[in-house]
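In the block that follows, a single chain appears as structure tokens, in the form predicted alone.
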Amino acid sequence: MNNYKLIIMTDDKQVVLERILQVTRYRGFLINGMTAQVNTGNNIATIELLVSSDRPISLLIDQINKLVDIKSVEVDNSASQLCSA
């Protein structure tokens, strides 16, 4: 199983996190960990999502990017060693 760390920048709205988690589950990815922070100065939230799956990560990134309040989605490739246990 492949492990990934996604760094998601989004508008600070209550439903965004719920939508991200729903898309992640629907696309067949397991959520192994998550952190979220809000920059109150510009109302931008940063979500770090640790996920794993045998599916290509591009499937999940494409779907998250389609959500309305998403600013950007990046994969932190250096985290793949940290996620494997």
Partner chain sequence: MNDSKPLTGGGLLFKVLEQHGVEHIFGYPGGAIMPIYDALVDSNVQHFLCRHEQGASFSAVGYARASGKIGVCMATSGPGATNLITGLADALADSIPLVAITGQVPTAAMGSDAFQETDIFGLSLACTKHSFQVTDINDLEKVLHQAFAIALEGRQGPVLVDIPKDIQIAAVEQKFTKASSLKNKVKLPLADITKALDLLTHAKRPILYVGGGVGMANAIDEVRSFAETTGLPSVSTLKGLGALNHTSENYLGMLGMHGTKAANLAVHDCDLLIAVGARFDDRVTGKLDQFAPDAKVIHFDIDAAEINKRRIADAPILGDLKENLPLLTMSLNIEDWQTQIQEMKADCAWRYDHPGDGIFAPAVLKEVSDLMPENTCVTTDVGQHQMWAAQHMSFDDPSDWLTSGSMGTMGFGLPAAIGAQISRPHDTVIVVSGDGSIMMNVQELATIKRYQIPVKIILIDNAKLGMVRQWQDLFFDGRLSETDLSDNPDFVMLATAFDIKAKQITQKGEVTAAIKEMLDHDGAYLLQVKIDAQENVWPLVPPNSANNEMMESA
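Numbering follows the first chain given and starts at 1. Because the structure is predicted, anything quoted here is derived from the model rather than measured.
The same protein also exists as the form predicted in complex with its partner chain; that form is not shown, yet it is the one meant from here on.
In terms of contact with its partner chain in the predicted bound form, the residue from Ile44, Leu30, Leu59, Ala36 that brings a heavy atom within 4.5 Å is Leu59.
Though the partner is left out of this view, Asp69 does reach within 4.5 Å of its partner chain in the predicted bound form, counting heavy atoms only.
Heavy atoms of Gln63 reach within 4.5 Å of its partner chain in the predicted bound form, making it an interface residue. Taking the partner from the other structure, its partner chain in the predicted bound form has no heavy atom within 4.5 Å of any heavy atom of Val75. In the predicted bound form, Gln14, Val15, Glu18, Arg19, Gln22 are the residues of 3-22 with at least one heavy atom within 4.5 Å of its partner chain, listed from first to last.
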